[in-house]
Ligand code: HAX
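The form predicted on its own is given below as one chain in structure tokens.
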Amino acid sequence: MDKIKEAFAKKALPMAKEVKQFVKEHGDHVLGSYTVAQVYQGMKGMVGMVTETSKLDPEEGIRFRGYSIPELRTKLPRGPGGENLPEGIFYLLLTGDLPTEETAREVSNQWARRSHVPKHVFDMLDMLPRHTHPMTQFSMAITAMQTESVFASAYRKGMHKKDHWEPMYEDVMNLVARLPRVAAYIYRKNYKDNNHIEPDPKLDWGANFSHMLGFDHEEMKSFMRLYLTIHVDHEGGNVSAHTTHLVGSALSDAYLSLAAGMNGLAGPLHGLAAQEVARWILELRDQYKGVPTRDQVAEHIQKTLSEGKVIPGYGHAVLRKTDPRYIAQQEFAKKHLANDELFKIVQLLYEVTPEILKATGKVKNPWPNVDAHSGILLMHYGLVEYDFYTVLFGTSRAIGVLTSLLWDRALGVPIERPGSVTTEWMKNLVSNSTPVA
């Protein structure tokens, strides 16, 4: 058993017994009530699942295993250039413990050894039309790799449910290791005339991803480490995390579960948002032939709102402050690209947009989220094809949803099957209830 797997087992197996006992003793405890509106409006705020890896606080932002992003930026191992290594946050989500530099290197080495992608996956991608969206290709490639599932093979042969976590661990490690190779292949196929770049096993996971994409500038490698670290997880109720969990609850393997999650991430109300932000900011720049004035920015925002559209990159379903992931990227941009034209527009939007949104009286959170920044930073370093941005997001998000899926297996989480009702049932319930004085 490798050291990382052993560290997970020491945490997860005792906790599985603890959870079982906790449910036995407190399973009848009432958590609260919910409303008709919550049932109809996406179940927002309803506590309906447990996710061990992260928790989103409306005022403090995301906490990974209890640590905020500012805290982790000082505690996680760093790569060249000073940004945190995604390998470190993977280990934290997996075990709950802060990794040492040695541990992060071990994760990196494991992923390098596991990164081989079967040829049939590339053959399948080569058969797709050039206009196939990168996220469609990404999801299809993940599904195609399901032929390599250790869990599916072990389950077919027969195994005790208490052992489900072991082959799932192998799937999670293998899949995370292979994703950058697949994503880079899609990028080079679509945008670089099928001129592919072989991986460099001497590089860490994020730097190697940047290298395979074709960006060997040290600043871009540094930003890739930052990007892949801050996008990993956002508690369990968002579409990509919940979908991965839901499909996995049917004992689907990691490949099928993640592919489903990536299909959810591809929606414009979820991971596709960075693509929409980039398009909107480019339109703003082109309309005013450069960096607009504050008044012009305000005019463009008002026009967008009057057309019944949202300001892309602003607002969040849970957060009620500026997204800490936005701040992390803003700090990076101020350090490395303060004079970039598009970054100046992002800064103007940050200064102007919140007050306009507040004035409408309709927006609960007028502050920017992570998507308001990421695409513009990528453009600065030459990754201008914004249709590809969600693939980068998905490569990072896989770390969070797959570590969470592994915990589901270790804790023996059952199939998810909430009840549903009809509108007629709901009307009868309301009409028959006793009015509140």
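We number the residues from 1 along the sequence you see. Computed from a prediction, not measured in an experiment: that's the story for all the values here. Definition used throughout: the rigid core is the maximal C-alpha set that superposes within 1.5 Å between two forms.
The same protein has a further form, the form predicted in complex with the ligand, not shown here; the description that follows concerns it.
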* Here the chain is shown alone; which of M124, L305, M159, A298 has a heavy atom within 4.5 Å of the ligand in the predicted bound form? -> L305
* **Contact assignment for the ligand in the predicted bound form, among R73, K189, H270, R181, heavy atom within 4.5 Å** => H270
* Is there a heavy atom of R294 lying 4.5 Å or less from a heavy atom of the ligand in the predicted bound form? -> no
* Asked: If you check in the predicted bound form, is G214 within 4.5 Å of the ligand, heavy atoms only?
  -> no
* **Any non-hydrogen atom of K44 within 4.5 angstroms of the ligand in the predicted bound form** => yes
* Hey, in the predicted bound form, does H316 get a heavy atom within 4.5 angstroms of the ligand? -> yes
* Picking from 308 to 316, 253 to 261, 169 to 177, 126 to 134, which part of the chain touches the ligand in the predicted bound form when contact means heavy atoms within 4.5 Å? -> 308 to 316
* Going through 385 to 422 from first to last, which residues have a non-hydrogen atom within 4.5 Å of the ligand in the predicted bound form? -> F393
* To do: Using a rigid core alignment, state whether the CA of N194 is displaced by 2 Å or more between this form and the one not shown.
  => no
* **N339 C-alpha relocation of at least 2 Å between this form and the one not shown, rigid core basis** => no
